[in-house]
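The chain below stands alone and is given in structure tokens; this is the form predicted alone.
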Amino acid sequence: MENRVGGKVAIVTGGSGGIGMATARALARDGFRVMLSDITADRGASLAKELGGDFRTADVTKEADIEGLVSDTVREFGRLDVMVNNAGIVGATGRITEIAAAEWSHSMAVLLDSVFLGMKHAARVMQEAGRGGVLLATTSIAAHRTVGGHPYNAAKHALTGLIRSVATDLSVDGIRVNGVAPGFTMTPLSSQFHDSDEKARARLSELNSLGQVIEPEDIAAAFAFLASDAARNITGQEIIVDGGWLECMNRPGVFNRQ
């Protein structure tokens, strides 16, 4: 393994899912020792073993679990350099008049509160170490367009604000804070939603102005870049990986010659 980052350590939450697993692989290829985490071991534990890292179960909505995850990582690997807050869910759906308060609260706990907790406890150990660090979060094109349920859209909008404010707060500590906003990405959830991989790929390519399918590895590449020293002067930002959906899907006719 090419150790381009000098044995730095990263945590990836939501590590049993498509984007989390792809991000762990990308960081490991760049030389990071990776601590994967999810609410259940599922596929994440075997991947962690394959990558020479480790795995911890954690409920990202519980502060004690997040604090323990960070502490265990530092205890095992001796440091923490990157925290990728990737865990998420679809959240409550339906009309605003139909969503129960408990459903709203749980959705926001997973989608927004978990990132606050991850940033809080990772930043503490980074401040103590005095080496700077990187805090990352999975945001979404839902921060820019209405593409999900009410709590999902609200949480993703809030995340962009949280990233900016925490970046400002922690800049004096040399800690960078950024997000990656996936577009319509090919994940196991996509296959379930569209009934099959084939149908999912066909639909997702239609939602990409470049005519391609966004893979988890495309999102992981953005995270790996932001985690690296190549992004050392980037903070408070969000990389949108959507195949041009936000900007290019309504291509005006004036671009065509008459």
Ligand SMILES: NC(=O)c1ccc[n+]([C@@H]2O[C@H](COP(=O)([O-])OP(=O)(O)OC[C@H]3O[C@@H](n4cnc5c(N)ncnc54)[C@H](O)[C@@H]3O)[C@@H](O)[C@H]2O)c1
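Predicted model, so just to flag it, every value in this text is computed and none were measured. For every residue, the number given is its place in the sequence shown, counted from 1.
Note that the form predicted together with the named molecule isn't included here; everything after this is about it.
Exactly one of the stretches 75 to 83, 126 to 134, 179 to 187, 165 to 173 approaches the named molecule in the model of the complex with heavy atoms within 4.5 Å, and it is 179 to 187. Although the partner is absent from this view, M119 stays clear of the named molecule in the model of the complex, with no non-hydrogen atom inside 4.5 angstroms. Although the partner is absent here, V60 sits close enough that one of its heavy atoms falls within 4.5 Å of the named molecule in the model of the complex. Taking non-hydrogen atoms only, I39 approaches the named molecule to within 4.5 angstroms in the model of the complex. When contacts are judged by a 4.5 Å heavy atom cut-off, I89 counts as touching the named molecule in the model of the complex. Interface residues of 94 to 112, taken as those with a heavy atom within 4.5 Å of the named molecule in the model of the complex (partner not displayed): V110, L111, in sequence order.
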